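Encoded as structure tokens, the following chain is the form predicted alone, with no partner shown.
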Amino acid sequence: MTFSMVAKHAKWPAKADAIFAIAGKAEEAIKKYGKENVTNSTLGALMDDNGKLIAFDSVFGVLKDTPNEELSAYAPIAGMPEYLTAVEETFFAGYKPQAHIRVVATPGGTGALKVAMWNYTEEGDEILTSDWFWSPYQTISEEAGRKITTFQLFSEEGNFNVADFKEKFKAILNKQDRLMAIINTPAQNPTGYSVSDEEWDEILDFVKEEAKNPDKKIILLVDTAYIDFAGVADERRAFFTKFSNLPENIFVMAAFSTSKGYTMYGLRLGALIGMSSNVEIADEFRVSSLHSGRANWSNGNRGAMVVVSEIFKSKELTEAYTKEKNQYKAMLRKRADAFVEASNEVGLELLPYRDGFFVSLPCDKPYEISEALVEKNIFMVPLGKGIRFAVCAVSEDKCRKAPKIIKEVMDRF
């Protein structure tokens, strides 16, 4: 292209989204060969055994019972007060830290990440996250003129690599006066890893030591998109209490999403939650987040906020929602167990999996292997360092059968 009208900062190479591209190929194969003969493990959404998107009756029943005028009306920029209360109470679920907490509604978890990166980093800053990460982190950071820098997620023992996290963290903090570190846990995308409470202790002890320099500002952004499908009960939320009484130059944010926990993927509702030992810093967070919200999307989805609020307020609705969610949570665990067990039986190497929608397989030629698996009607997303299998979208039977075929294909490379 020899002539361009777009501004320099908005000029990007034209390329298809890798996930939606491979998902499109899977849909074509289903039409050609039948869904029973295709394993579509591409999109990160809960599907039933027939490949139909799961949408909780306990959620959408509330939505359909809501009057049209309530659905149609604008929501406040910050979000409906009852929604913000519902988010705060259900998100922490008994593990609320001793901190000043503020909640602001966003369009999905992505909106929360965008606000956090924009408001708490400077142009040109490096943002630290793991080498296995959700690719839109890169897109969001590029859009804002920031750069993603990574540390090795796993140690040789298959645990969170605290040593490499510390090394990369120090290297950036030596160059910048502020540092944002994104930790996607529990049930990380794309690996299914959950940082343990003991690992959080190591992380926070280190971060507090670095914060002894009052000229440094440290921001921890916890991406919790998959938290509702992690652990057995609420034990994967216990680490939230560790954010109590932190030094005022450590600011913690959590990106919350209703996409997974409420199956409201397309309704685009989430929240950014700020936590600080200093009330003025917490209030500052709210003001800056409101400004960003007004500048980018004005306000959020009122209908989706009503749903979350009504479920929270009603014991009967809460019980129905919890029962339905736990049913599918158990289904997801069975699928993941089937895939991991079958992989172990055939010697297929997996990254450490603990919870959630995805399992990842390390390899040197992810795009070539993904293409070769298409020939076997198995569709997996290629990543920078491996391929991803979405157990959330594949029946338990197919999860058990797929590893043998994947191993056979991978052994050719």
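Since the structure is predicted, the reported quantities are computational estimates derived from the model, not experimental observations. Numbers follow the displayed sequence, beginning with 1.
We do not show the form predicted in complex with another copy of the chain, though everything after this point is about it.
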item: Partner-contacting position among Phe243, Phe169, Trp134, Phe229 - heavy atom within 4.5 Å of another copy of the chain in the predicted bound form; value: Trp134
item: Option touching another copy of the chain, based on a heavy atom within 4.5 Å in the predicted bound form, out of Glu123, Asp205, Glu235, Asp197; value: Glu123
item: Thr90, Gly94 and Ile405 each touching another copy of the chain in the predicted bound form (heavy atom, 4.5 Å); value: no
item: is_contact(His291, another copy of the chain) in the predicted bound form, heavy atom dist at most 4.5 Å; value: yes
item: is_contact(Ile281, another copy of the chain) in the predicted bound form, heavy atom dist at most 4.5 Å; value: yes
item: Contact of Glu28 with another copy of the chain in the predicted bound form (heavy atom, 4.5 Å); value: no
item: Contact test in the predicted bound form: Leu350 vs another copy of the chain, heavy atoms, 4.5 Å; value: no
item: Contact stretch among 309-317, 332-340, 152-160, 251-259 - heavy atom within 4.5 Å of another copy of the chain in the predicted bound form; value: 251-259
item: Residues in 109-127 close to another copy of the chain in the predicted bound form, defined by a heavy atom within 4.5 Å, in order; value: Thr110, Gly111, Lys114, Trp118, Asn119, Tyr120, Thr121, Glu122, Glu123
